[in-house]
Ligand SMILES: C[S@@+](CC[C@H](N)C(=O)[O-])C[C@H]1O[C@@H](n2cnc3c(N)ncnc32)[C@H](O)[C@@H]1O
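Just one chain is shown here, as structure tokens, and it is the form predicted on its own.
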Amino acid sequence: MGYKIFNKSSESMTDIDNESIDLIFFSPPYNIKTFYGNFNDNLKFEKYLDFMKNVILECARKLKKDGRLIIEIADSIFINQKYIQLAGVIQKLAVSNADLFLETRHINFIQTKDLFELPDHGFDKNYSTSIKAHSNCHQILVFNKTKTKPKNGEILYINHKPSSEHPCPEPQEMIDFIFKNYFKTGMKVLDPFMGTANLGIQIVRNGGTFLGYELVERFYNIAKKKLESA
């Protein structure tokens, strides 16, 4: 097995054959002014939706008929002085535009202490905000191409830790969850927002093939070095 990564947008993934990927996992930017280098995380919301729709449509094209698309996304964001149920918006894009079916959803709290929810990105100690922010509660949406009865998911408590490499690194606990529930040796796995390839390293080391896209050159170069050493 091995890897292949690309320093460009995942809105057009022509480097990958259609219906060739077993598992796609990603956590996208939330359009709340997070600094990712040359990536603009402050689009007009309509432009952001077009961007996400393009990526999800590409994922659906690349996914095998029995494959899964998993998206980890904030339940809600505060942007332009209003709350938006972001997980609901992304679910609608996948179901209505990409003809995918929701298999299950898991809930992930990303800042907790003794299972107690803490204020997160942009929220103050009173759990309120007046700036662009996202909720502590995240949803892990699992889609496939076959209509089945949705299953109950799990509740997770995975605390994101800061990193000098990337503003939103994929925590090891999340990767472990993906491996435990969805990965099998020999799978071809795609991450359209790979960042510094924390997931990719584990895929390669555990007998899978990893394909990743990253628009920011600095993150891409870090990912490349880490994958070469893996």
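All values reported here derive from a predicted model rather than from experimental measurement. Throughout, we count residues from 1 along the sequence that is shown.
The next section is about a form of this same protein that is not shown, the form predicted in complex with the named molecule.
With the partner omitted here, the stretch from 163-171, 201-209, 181-189, 61-69 that lies within 4.5 Å of the named molecule by heavy atoms in the predicted complex is 163-171.
Although the partner is absent here, residue 216 sits close enough that one of its heavy atoms falls within 4.5 Å of the named molecule in the predicted complex. Residue contact with the named molecule in the predicted complex: residue 51 places a heavy atom within 4.5 Å of it. Residue contact with the named molecule in the predicted complex: residue 39 places a heavy atom within 4.5 Å of it.
For the chain shown alone, residue 225 is not a contact residue for the named molecule in the predicted complex, no non-hydrogen atom being within 4.5 angstroms. For the three marked residues, 27, 193 and 196, a heavy atom of each sits within 4.5 Å of the named molecule in the predicted complex.
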